[in-house]
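Take a look at this single chain, the form predicted on its own, given in structure tokens.
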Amino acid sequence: MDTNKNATESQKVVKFKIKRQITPDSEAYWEEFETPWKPSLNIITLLMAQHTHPVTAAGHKSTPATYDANCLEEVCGSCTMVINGRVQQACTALVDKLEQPITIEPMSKFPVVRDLMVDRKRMFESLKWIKAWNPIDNTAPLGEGPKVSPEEQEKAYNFSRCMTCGCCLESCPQWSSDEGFIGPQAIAQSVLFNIHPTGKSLEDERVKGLIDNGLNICGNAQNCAAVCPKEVDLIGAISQANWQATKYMAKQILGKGH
């Protein structure tokens, strides 16, 4: 056993700063903390350590920081934060891969509730706008459903990986809480449900929902694809949605012509 190495590691600390905000209307401020280093630490581990010992690096008594987290396996999407200036999942952001002092702050595109917790209501409401579900007219046995090709299954699976985490919206220069762009997350979900044979029955309503909520505002910055933790094909989804919108508008024009 290398006792010198173990002694050195036991003396290492992790320095991190948390952006705090007590109420939605109060002024934000920074607090710096330190915690002993251990192998395989992630950002959630740091926040848990701050909860256990809410004392700043300068020795001032503080309070446990408020944040969202659930699965800790990059599945639920709830622990999205801006870490060292990049939006990502706190559960998979490894300390040893981050420059110190590590800065941890809430997403800027959503209203702050307290500290690192934000109100994501608009993101979930957008799923209602585009009817992100497959309709059914009864629950009686109807026999075998329509077949879906392997190619369509593969495309749908990619879109279904979306966690509604908000990373794409935080990075998008066109999306904000008070603008009309629905954002890449909802666009991809609209395309997902339009792929399904049952979901196709609501395709026109979904496409109209996208058109009414700023589909054409997308500036093709592609920031969304760069930060998506599940590597959802957001660029492909936006392209497909624009094609669906073109077909929808053509049908509207031809329909009026008759």
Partner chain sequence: MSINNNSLKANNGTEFWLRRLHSLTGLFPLSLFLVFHLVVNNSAIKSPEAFNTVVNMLRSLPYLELIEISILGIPILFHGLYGLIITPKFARSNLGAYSQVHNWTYYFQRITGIIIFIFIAVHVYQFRFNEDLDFESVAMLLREPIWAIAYFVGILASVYHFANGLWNFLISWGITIGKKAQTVSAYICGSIGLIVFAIGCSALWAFYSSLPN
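Positions refer to the first chain, counted from 1. Everything quoted here is computed from the prediction, not taken from an experiment.
Although it is not shown, the form predicted in complex with its partner chain is what the next lines describe.
Participant: Within 4.5 Å of its partner chain in the model of the complex: all of Arg122, Gln174 and Asn216, by heavy atom?
Facilitator: All three within 4.5 Å in the model of the complex.
Participant: If contact means any heavy atom within 4.5 Å, which of 85-93, 144-152, 98-106, 72-80 contacts its partner chain in the model of the complex?
Facilitator: Single hit among the candidates: 85-93.
Participant: With its partner chain left out of view, which of Asn194, Asn223, Thr35, Asn42 would have a heavy atom within 4.5 Å of it in the model of the complex?
Facilitator: Checked against the cut-off, the match is Asn223.
Participant: Indicate whether Met48 is a 4.5 Å heavy atom neighbour of its partner chain in the model of the complex.
Facilitator: Result no; Met48 lies far from its partner chain in the model of the complex.
Participant: Please determine whether Glu231 contacts its partner chain in the model of the complex, using a 4.5 Å cut-off between heavy atoms.
Facilitator: Heavy-atom contact with its partner chain at 4.5 Å: absent for Glu231.
Participant: May I ask you to check whether Asp212 falls inside a 4.5 Å heavy atom distance of its partner chain in the model of the complex?
Facilitator: Within the cut-off, so yes.
Participant: Please tell me whether any heavy atom belonging to Ala156 falls inside 4.5 Å of a heavy atom of its partner chain, as the geometry stands in the model of the complex.
Facilitator: Result no; Ala156 lies far from its partner chain in the model of the complex.
Participant: Within 4.5 Å of its partner chain in the model of the complex, which residues of 177-200 have a heavy atom? Give them in sequence order, or say none.
Facilitator: Ser177, Asp178, Glu179, Gly180, in sequence order.
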